[in-house]
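Take a look at this single chain, the form predicted on its own, given in structure tokens.
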């Protein structure tokens, strides 16, 4: 694999400039120390040209499809912030042209396409990185540290709640099947893995659509998970929930041998007590400020992976276990049975 100088900016083609693409533009790619955006791609004229102006990309390097951009512009990497079904198409084009790929989550629309993307990256000896930016949130890194240090003993079981009334009217999420499970719970499945340091081994899931939901398909979700060391973990969520919100990280309870670790929105704490709640005490835990936003940190790690030749923490091969847990959830919810994630991923 070609090595790049740490001081040399890598040339990036950004695909997708509306919605999350605009967030990437504003939060990361426009001010990256590692990448220069040399071309932009979008099927819609307005975000294409607005994004091109913001990123200072001249009109002749603004394209309606990636294949055209790759024919006309020299680049090192592609960032695809597009609907999941497009990711594998962009990966095929990028890897065939010798470029690295950073893709928004979920990695693909189907597990077979995700596996194909991982294989194409390996065959091309290029990096494939998935945008699991929630791993970089300071509250989540704090939970991981508290578990690693066993401040209240070893983890015994855990639970995660996610309740946000998100309105994606007019976007692909409004009509997609299993919108919470596929488009949002992928973050939480990945966070459970990253926080506990364990893969999700088995999934039992029930999806549903509350009577008030404005989604066409199931916005509600209940899951029972078994981690690879046998640790039980549960998940409950509703993307049409009006009322008290949890925040995007979700609310966590990690039950340990000598107490519990909690995350309520961005506030972390550790609680201890004796039997029957005697001598109960709950202590807040400082959560540091973020050094940079999640997209900017993903770009940094993407650049490091390209320069070093070593996979990033959120590499495509690692992400198969997060996406595999989500796909297992779809199968479980559809067939009403538990599903072994390893049977799908391996």
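Numbering follows the first chain given and starts at 1. Quick caveat: nothing in here was measured; it's all calculated off a predicted structure.
The form predicted in complex with a small molecule exists for this protein as well; it is not shown, and the discussion that follows is about that form.
Practice problem: Would you point out which of 38 to 46, 52 to 60, 282 to 290, 300 to 308 contains residues with a non-hydrogen atom within 4.5 Å of the small molecule in the predicted bound form? | Solution: Single hit among the candidates: 38 to 46.
Quiz item: Wondering, does residue 172 line up within 4.5 Å of the small molecule in the predicted bound form on heavy atoms?
Solution: Answer yes; at least one heavy atom of residue 172 falls within 4.5 Å of the small molecule in the predicted bound form.
Quiz item: Quick one: does residue 134 come within 4.5 Å of the small molecule in the predicted bound form, counting heavy atoms only?
Solution: Output for residue 134 is yes: heavy atoms within 4.5 Å of the small molecule.
Quiz item: Though only this chain appears here, would residue 330 touch the small molecule in the predicted bound form if you measure heavy atom gaps against 4.5 Å?
Solution: No, no contact at 4.5 Å.
Practice problem: Would you please decide whether residue 17 lies within 4.5 angstroms of the small molecule in the predicted bound form, comparing each non-hydrogen atom pair? | Solution: Contact with the small molecule, yes.
Exercise. Select from the listed residues 179, 250, 106, 158 the one whose heavy atoms reach within 4.5 Å of the small molecule in the predicted bound form.
Key: Filtering the options by heavy-atom distance leaves 106.
Exercise. Find the only residue in 165, 232, 153, 83 having a heavy atom within 4.5 Å of the small molecule in the predicted bound form.
Key: None of the others qualify; the residue that does is 83.
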